[in-house]
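Only one chain is given next, in structure tokens, and it is the form predicted alone.
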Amino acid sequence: MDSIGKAELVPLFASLRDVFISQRDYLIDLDGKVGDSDLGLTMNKAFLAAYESVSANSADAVGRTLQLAGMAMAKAAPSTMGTLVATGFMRGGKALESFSSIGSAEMSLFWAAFLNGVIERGKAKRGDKTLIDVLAPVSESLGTSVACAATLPEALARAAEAAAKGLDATKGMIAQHGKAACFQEKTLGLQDAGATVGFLIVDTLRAFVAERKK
């Protein structure tokens, strides 16, 4: 599969829903180390709402469907992380308003807009031990893949690798935002929970496209 069209959005969001159901307890435990322990529940609600929205609006254009999914996430999970991820999907969807499918170039546009939306909404920067520490390398990787004319499966495989490295790098950072910031040095050595969400989204995209390549 070298592009994601309208027909693929429902099964894609079913995959995202299922991943966040299966990872709910893991995210709860991870968030509980220096947070509120609600991240697993929040993401579970957000992606269930996104799946239901995409299923109901699958006849719409790709970009519009993604925007509506983001709106549904914002309503279902109005927490900090829910709002950030929802903003990312809304901004990413808006960036794709004029496209009928998502190939490598469109995927790069989506994640660049997603990243910018999260930065503007969350007021964090790279190195602050947040979701941005995964999103930034993902966006950079996709930009490089587009420049090299990589296929969508290739681009997402490289993006997932970049996400994994970005996630691992958060272990060496000290939290600067949210409740985790109250723990300062105690966050050193811990994988950031928000960045984990970013990795799971990108890796699910990679797996979805790779499976349909066969």
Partner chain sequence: MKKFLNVPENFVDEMLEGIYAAHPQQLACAAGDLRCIVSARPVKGKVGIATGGGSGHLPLFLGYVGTGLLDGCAVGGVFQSPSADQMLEVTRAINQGAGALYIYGNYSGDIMNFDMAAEMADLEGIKVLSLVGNDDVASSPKGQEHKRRGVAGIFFIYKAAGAAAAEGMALDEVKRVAEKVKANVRTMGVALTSCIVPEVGHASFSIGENEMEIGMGIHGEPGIRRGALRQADEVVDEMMQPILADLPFVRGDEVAVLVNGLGATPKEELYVIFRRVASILKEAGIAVFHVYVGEYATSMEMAGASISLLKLDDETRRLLARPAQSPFFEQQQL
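Residue numbers count along the first chain shown, from 1. If you're wondering where the values come from, they're calculated on a predicted model, not measured in any experiment.
Another form exists, predicted together with its partner chain; not displayed. Remarks below refer to it.
- Contact with its partner chain in the predicted complex, defined as any heavy atom within 4.5 Å, is confined among 100 to 108, 125 to 133, 138 to 146, 77 to 85 to 77 to 85.
- Proximity of residue 90 to its partner chain in the predicted complex: non-hydrogen atoms within 4.5 Å are present.
- Residues 6, 152 and 212 are none of them found to lie within 4.5 Å of its partner chain in the predicted complex, as judged by heavy atom distances.
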